[in-house]
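Considered here are two forms of the same protein chain, supplied as structure tokens in two stand-alone entries, structure 1 and structure 2.
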Structure 1
């Protein structure tokens, strides 16, 4: 069994995430994708994040109708901060015979030196499925010199670049600009009903630099 692990804040989940997960399923011959919703993302400590139950509800809505997509509560059922390396270890215990493929956008792969215990994470997974993101360029060979063996584990997923991000959606929702077609309809309805990003754009999200 080959399992894709797709970790994210998913605030909100959008078509970029869904395209990445579905292309990974097909191109990397995965049996399923586990969406691990991060309760307490270590790299987003400065940012206002919607309550985890709202994000879970949106991911549940986004995944409906695809039996190969499952939610994993592994990052919700333990106290934070939630590091990918620990998550993979726990999932490997839950699925001892499975090969684990970690799915990420190119921005996340570029930032891997800042991740917690990256060498251990790289050793643990069978591979990384990486989807390009607009304006993200980096030198994989340079990363490989820091983490020998990384290149051999990376497979780029072949898709058009999708210029959608959760932050763009939050900004648009807050500014009453259209984002309806960036997310599945049920996710759109959830955001609108709860006015989830109504106050987005306060100082906490765009901190004013101190002189």
Structure 2
């Protein structure tokens, strides 16, 4: 079994996340993608993040209907901060016969020297599925000189350019600007009902259906 590990705060999950995960599933020949919702990301200690139960509920809403996408609570069921190397180790214990493919953006690969115990992480995983970003440039050969064998584990995923980000959605919601078609409808419903990002009002053109 080949399992993709797709970690993030997912605040909120959006169509960009879903497209990237779907392309990884197809191009890397994965059997499933585990979406690991990070409760306490070490690189966002100064950033306000929505409650983990709300983010978990949004991811659950976004993934419904695709049996190849599953939620993992490995970063929720243990105290933080949560590091990738520890997450992979726990998931490997849960799936002892699986190959673990860690899904990251090109910026994360570029910054891997700054990660927590990067050599151990590289040794643990069967590969990295890297989602390219046109604005990110780095020297893979230079990284390989620091971490021998890294290049052999890197596969770049060919993905469409998606100009959607969770921060953009939060900004639009805070300003009461449209974001309805950036996220699955059930995620939109949840955000509006909970008033997660703007604290008042709903989009006038897209009223929330009453339960």
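Heads up, when I say rigid core I mean the largest set of C-alphas that superpose within 1.5 Å between the two forms. Residue numbers count along the first chain shown, from 1. Remember, predicted model here, so these are calculated numbers, not experimental data.
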| query | finding |
| --- | --- |
| Chain form predicted together with adenosine-5'-triphosphate (ATP), by structure number | 1 |
| Residue 82 C-alpha relocation of at least 2 Å between structure 1 and structure 2, rigid core basis | no |
| C-alpha of residue 97 moved at least 2 Å between structure 1 and structure 2 on rigid core | no |
| After superposing on the core, C-alpha shift for residue 134 between structure 1 and structure 2 in angstrom | 4.8 |
